[in-house]
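To begin, one chain is listed below as structure tokens, in the form predicted alone.
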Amino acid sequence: MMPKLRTIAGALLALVLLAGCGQAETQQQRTLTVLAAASLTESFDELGARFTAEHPAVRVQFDYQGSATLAEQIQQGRPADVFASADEGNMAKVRDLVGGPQTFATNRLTIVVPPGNPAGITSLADLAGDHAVVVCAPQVPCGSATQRVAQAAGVRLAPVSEENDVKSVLNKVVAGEADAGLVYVTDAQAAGDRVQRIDFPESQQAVNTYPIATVNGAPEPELAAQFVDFARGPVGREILTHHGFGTP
């Protein structure tokens, strides 16, 4: 082959190789979509970062909302890879649409008040008084737990607002729009000194169990299974415990 022809052939080969490398890189970029209860925000953000560190070509995309809302979206056919619910009831609603839910965390309620506790609240019974109290709506897990602890304590609550997820309850207390709110221990911990936490013994009567499952027809079924195992494994337990969750 003449030198000039060799040069042209070499250039063409290089272009082909570069195109192949580019295509391979594009193919390696994968997105894992995880629908998770709002109370998992801080812990799953950290979990996703650790998962990505072990799978550099994978981007974990989270959507945090109330478990009831997410379950309804799955029923309506929303594409997703993993569903993590804050209770077993909402996971049961999509039983035929997910594979093998497994328990991975537990959580319980606590009272949060603004710093300095201006309303002087010290117990669950105090929430039945003339205070502006915010709780979760009954159809979401934290609201269901609220009803159970109130019933166990014989306390009749008259909230000024019922929110669709626990973060909304927390935000109203942080914003000074309520004297007190009932949230998960993990949310109170995540809020730091923006709220004051008041534990109460009746919370042990309503410990929520968190299940996680792959979604049937997941765009990334293999990654979905790996993420579920990761959440339930040593790294997941370490992160969840750090954020205040109980683990199986």
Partner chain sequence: MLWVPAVVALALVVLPVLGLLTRVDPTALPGLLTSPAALDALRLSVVTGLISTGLSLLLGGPLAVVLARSRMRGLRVVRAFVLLPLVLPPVVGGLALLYLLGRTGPLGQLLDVVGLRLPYTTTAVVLAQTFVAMPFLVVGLEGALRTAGGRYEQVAATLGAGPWLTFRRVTVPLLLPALGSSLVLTFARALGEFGATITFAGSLQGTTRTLPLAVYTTAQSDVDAAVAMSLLLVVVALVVIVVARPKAVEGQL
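The structure displayed is predicted, hence computed values, not measured ones. Numbering follows the first chain given and starts at 1.
Although it is not shown, the form predicted together with the partner chain is what the next lines describe.
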Is it the case that residue 170, even though its partner is missing from this view, gets within 4.5 Å of the partner chain in the predicted complex, heavy atoms only? no
Q) So, in the predicted complex, is residue 176 in contact with the partner chain at a 4.5 angstroms heavy atom limit? A) yes
*Evaluate residue 81 for contact with the partner chain in the predicted complex, applying a 4.5 angstroms cut-off between non-hydrogen atoms, and reply yes or no.*
no
Practice problem: Classify residue 128 as contacting or not contacting the partner chain in the predicted complex by the rule of any non-hydrogen atom within 4.5 angstroms, answering yes or no. | Solution: no
Answer key: of 196, 41, 209, 69, within 4.5 Å of the partner chain in the predicted complex (heavy atoms) is 69
The listed residue (102, 161, 117, 147) that reaches within 4.5 Å of the partner chain in the predicted complex by any heavy atom is 161
Exactly one listed stretch (196-204, 211-219, 29-37, 61-69) reaches within 4.5 angstroms of the partner chain in the predicted complex by non-hydrogen atoms, and it is 61-69
Across 120-157, the residues having a non-hydrogen atom within 4.5 Å of the partner chain in the predicted complex turn out to be 132, 134, 137, 139, 140
